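Before any questions on how it binds or moves, here is one chain, the form predicted on its own, in structure tokens.
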């Protein structure tokens, strides 16, 4: 027989013979209710079809048990992995993650931040849009609730906690590797759509100069306004290869998605990048995008520790949530990248 449907706490109270205040305390925290009442409520819930209202059970708590997270793109597997690591860390700590995507639009990002404030989330973690971010959004979140930035750090914000990759170390590692196994690399940049793009470019220039080589940067200018990653890498190297340039060069791409476009350009021109293939062309990236082992050839890159970044962002946020008073100390946590040597370089 189907269980009777129960829609309100009042109906549930009458159905299982427990007062509404007792039910409310039970759904907030069973430890606040006597053992006999807990058992009676559990037996009663087994006999009815009832789902407690998520928000109603949190109305009278000091904490909502919710963390707001904003990411810039839904179609990027890097952010999918980062969000997964955040959700796992939050769930382990007993928190629910509410995710919003800014879709590369600062107005959408602003609305997402206001939504979190209206929901009284316990704290927020944000991966910024980039050079068109509205800094006032981050400043408002930082002033109103525990707040952590992750992945890329806007330089104007010096009083916000941040968790991400040490791009000086990670870019330096792969630049040094390419110099060791072949010709000094050329840097295939991308339009400065995020803060990491310029940070990696600067790190490449610094490492090349330290090693005594002349840095060469291409692709920093916009080809088409909507082309930031794969299409950008494809267009820039198609242009170079069609002019007979860079055919036997080492090319370090600003990220793996740009590198995937670069590999496509090489294939279209009959080129075979990789240490074990004919010719001197080598192509490498940065991030260890999930598709890197499955490109042809498999892409050499430097991996960001996505799991550690997500865990550290949640840990820092919950540390701030539990503090009785927010201190003026702001933690900057940077993770090392790890070189992933594959066929392409």
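Remember, it's a predicted structure, so these values are computed and weren't measured experimentally. Residue numbers count along the first chain shown, from 1.
Not on display, but discussed next: the form predicted together with a further copy of the same chain.
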So which of 198, 234, 178, 186 gets a non-hydrogen atom within 4.5 Å of a further copy of the same chain in the model of the complex?
234
Contact residue in the model of the complex, from 108, 210, 157, 220 (heavy atom within 4.5 Å of a further copy of the same chain)
108
Contact segment among 166-174, 240-248, 113-121, 190-198, judged by heavy atoms lying within 4.5 Å of a further copy of the same chain in the model of the complex:
113-121
Please tell me whether the candidate spot formed by 9, 34 and 44 is one where all three residues come within 4.5 Å of a further copy of the same chain in the model of the complex (heavy atoms).
no
Proximity of residue 303 to a further copy of the same chain in the model of the complex, heavy atoms at 4.5 Å
no
Is residue 205 close enough to touch a further copy of the same chain in the model of the complex, meaning at least one heavy atom pair within 4.5 Å?
no
Does residue 135 reach a further copy of the same chain in the model of the complex, with heavy atoms at most 4.5 Å apart?
no
Is there a heavy atom of residue 230 no more than 4.5 Å from a heavy atom of a further copy of the same chain in the model of the complex?
yes
Pick out the residues of 298-313 whose heavy atoms come within 4.5 Å of a further copy of the same chain in the model of the complex.
298
